[in-house]
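One chain is shown next in structure tokens, namely the form predicted alone.
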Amino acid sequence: MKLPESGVSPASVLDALERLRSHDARWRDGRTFSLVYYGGDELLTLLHDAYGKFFSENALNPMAFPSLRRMETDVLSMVAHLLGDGEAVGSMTTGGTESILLAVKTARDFAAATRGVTAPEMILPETVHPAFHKAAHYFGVRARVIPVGPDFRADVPAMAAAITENTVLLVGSAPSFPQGVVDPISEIAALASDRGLLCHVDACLGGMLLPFVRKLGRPLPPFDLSVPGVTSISCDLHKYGYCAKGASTVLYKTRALRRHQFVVYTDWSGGLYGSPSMAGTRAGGPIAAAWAAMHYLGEQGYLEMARRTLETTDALVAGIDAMPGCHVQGRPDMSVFGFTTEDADVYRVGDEMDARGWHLDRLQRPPALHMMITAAHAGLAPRILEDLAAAVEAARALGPATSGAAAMYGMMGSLPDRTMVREFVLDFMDGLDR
């Protein structure tokens, strides 16, 4: 496509957009299990309106737009209080990946400044989010991966054994994405503290739900900044905070630590340059929408969202475990879990669910399907379970997949040479667009 020679009307543009989206996943109907966190039409309208009011504003210069500075400060303070330390400081970011990148960059620079570390390493459970491996690649930090136990939680003795003089950061998840379990954060943080290391908790997924899980009286291991030894935490707002996309946070126990996140260049002919995060220009819309959503929902609104989410999760976990040949992996701590089948190709089950309009993620090593339940799924458990039972029966009848997405994913997951898998994924990404 080339740039049109002449413009078209706004109505024509909007009609074209509607046609383009006509085959997209129906997230309003609870048909997706990640990607979109839908809190209802009233909240969605508020997000649109708040975002639109600050569509053009740029948080690059907080002196020019003090409103954005105030809103960002308010959001960070609300998140800090939820996550165990109202005095914590941090930054809003564009998403969990940027929050994680900043935490790793901060740990690298802190260790270089305080200990003279020049070949930094960080220790990661194998279930940790790939954004940490992206950070390792970007920032020259070696990722030392340790196993998880039978309960899918980080193996702390293995973590201790992996520590070297170059270690700058220990990481735990709250929860991990694949099985939705919270790593033993207290033990990881104590180990970090004993060795004089930083400890980051990746709560990008759970940070805006776990505090309310706890408030609802459900058993939950310690995970936040109140745990001695935890020095930083990341928390996405556009997940269980039900905010507009492009909104996450990274928080630190001290200002002295956060200073290592910043980048300053003072010799540019264009003036003094200071940047708190990865981005230069920072969109004002996500900041305003996050501020609006958190005020609109308040503690009671989030509690109600959490209650509905957990009730639906309970029904799905119980229903899957009761289904012959199916079981949930581990004991999920919130609303995220993986499940597998013993006598049917689980990836073929996934394809059968796709055909029925349910878009489940695929897990590997071990093969499984994945659900991430939100308030949008309230009341849908009976229908999901009915379709899942039919999908399992269909997969049993069809046998192991020999072609299509299920066969491809099964083969990729089983190949011992991960270089081949990497090249396949690179080729796939390269073919998606120009």
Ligand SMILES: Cc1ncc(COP(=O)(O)O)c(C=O)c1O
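Counting begins at 1, following the sequence as shown. Owing to the predicted nature of the structure, the values given are computational and were not obtained by experimental measurement.
Omitted from view is the form predicted together with the ligand, to which the following refers.
Participant: Since exactly one of Val182, Ile100, Ile188, Ala289 fits, which has a heavy atom within 4.5 Å of the ligand in the predicted complex?
Facilitator: Among Val182, Ile100, Ile188, Ala289, a heavy atom within 4.5 Å of the ligand in the predicted complex occurs only for Ile100.
Participant: Going by heavy atom distances of 4.5 angstroms or less, which of Arg282, Arg153, His238, Arg348 would be at the interface with the ligand in the predicted complex?
Facilitator: Exactly one residue meets the criterion: His238.
Participant: Since the chain is shown here on its own, which stretch among 145-153, 199-207, 117-125, 264-272 would lie within 4.5 Å of the ligand in the predicted complex, judged by heavy atoms?
Facilitator: Selected stretch: 199-207.
Participant: Contact with the ligand in the predicted complex for Arg108, defined as at least one heavy atom pair within 4.5 Å: yes or no?
Facilitator: Flag for Arg108 set to no.
Participant: May I ask you to check whether Arg362 falls inside a 4.5 Å heavy atom distance of the ligand in the predicted complex?
Facilitator: Arg362: no contact with the ligand in the predicted complex.
Participant: Quick check on Gly95: any heavy atom within 4.5 Å of the ligand in the predicted complex?
Facilitator: Yes.
Participant: Heavy atom to heavy atom, is Phe212 within 4.5 Å of the ligand in the predicted complex?
Facilitator: Output for Phe212 is no: heavy atoms all beyond 4.5 Å of the ligand.
Participant: Select from 142-178 the residues with a non-hydrogen atom within 4.5 Å of the ligand in the predicted complex and write them out in sequence order.
Facilitator: Pro175, Phe177 sit within 4.5 Å of the partner.
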